[in-house]
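A single chain comes next, written as structure tokens; it is the form predicted alone.
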């Protein structure tokens, strides 16, 4: 397999994968988001669905000229330099440490910080939604500084709650459901990534930017109870 990117690979009998990288890479992920947005704005003939991941774009559909059309579009621009599509900046309140983040001290030590320094670093970080996956609306967020290049645990935490904020491999993940994980839980939000009854069931989109300001456990719960949309007291603004 060639190591030249971007490239187009077959994926089963009814899809193509436009791969921009084979590793975590900020510029390649930005290219994925921009390329997918362009396909959604002007779909080539035969395309039925698109989705972006950390480093590739799924294009589902079949038509005789689809691969050629995608190749032409890829070659037309440097997709990593294309301005991002309209997106939102979210501020999602998070309670760090204690019962809400039982592995904060361990993760902080691995990152070379004490817990207070780790909270300050994570609460001031502004990360992007790199991809959605694992569960409906569940975001993979990054890319954090090198200090947070923490390996996954060798074992599994049996279960973290919905809204758990976990960290590993320079990413944060905000859990959309209660589930086991090999990542370390550093905080808790009350953000509902997926609510079928909302006008927008999946709250986040790839390319959205997020900050997790620190709040006390009591404020976290008070703000969540006062939020009828299930966003856990989060606020957002549009970015262009």
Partner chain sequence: MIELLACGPLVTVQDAGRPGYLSQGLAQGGAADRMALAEAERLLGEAGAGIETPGAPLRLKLDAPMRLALTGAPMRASVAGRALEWNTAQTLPDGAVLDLKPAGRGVYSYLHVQGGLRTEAVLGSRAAHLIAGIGRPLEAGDRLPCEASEGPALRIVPQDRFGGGEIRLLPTPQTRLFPEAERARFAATAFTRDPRGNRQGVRLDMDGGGFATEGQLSLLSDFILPGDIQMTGDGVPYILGPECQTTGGYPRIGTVIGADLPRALQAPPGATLRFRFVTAEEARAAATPPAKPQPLVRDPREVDLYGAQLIGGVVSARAP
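Numbering follows the first chain given and starts at 1. If you're wondering where the values come from, they're calculated on a predicted model, not measured in any experiment.
The same protein also exists as the form predicted in complex with its partner chain; that form is not shown, yet it is the one meant from here on.
J.: Would all three of 19, 22 and 132 be in contact with its partner chain in the model of the complex, where contact means some heavy atom lies within 4.5 Å?
T.: Contact check passed for all of 19, 22 and 132.
J.: Which of 27, 214, 179, 202 has a heavy atom within 4.5 Å of its partner chain in the model of the complex?
T.: Selected residue: 202.
J.: Tell me, which of 54, 70, 37, 47 has a heavy atom within 4.5 angstroms of its partner chain in the model of the complex?
T.: Contact residue from the list: 54.
J.: Verify the contact flag for residue 90: yes if a non-hydrogen atom of it lies within 4.5 Å of a non-hydrogen atom of its partner chain in the model of the complex, no if not.
T.: Looking in the model of the complex, residue contacts with its partner chain do not include residue 90, since no heavy atom lies within 4.5 Å.
J.: Can you check whether residue 13 is within 4.5 Å of its partner chain in the model of the complex, heavy atom basis?
T.: The answer is yes: residue 13 has a heavy atom within 4.5 Å of its partner chain.
J.: Does residue 64 reach its partner chain in the model of the complex if we count a contact as any heavy atom within 4.5 Å?
T.: Heavy-atom contact with its partner chain at 4.5 Å: absent for residue 64.
J.: Would you please decide whether residue 142 lies within 4.5 angstroms of its partner chain in the model of the complex, comparing each non-hydrogen atom pair?
T.: Residue 142: no, not in contact with its partner chain in the model of the complex.
J.: With its partner chain taken in the model of the complex, which residues across 136 to 164 come within 4.5 angstroms through any non-hydrogen atom?
T.: Result: 136, 137, 140, 152.
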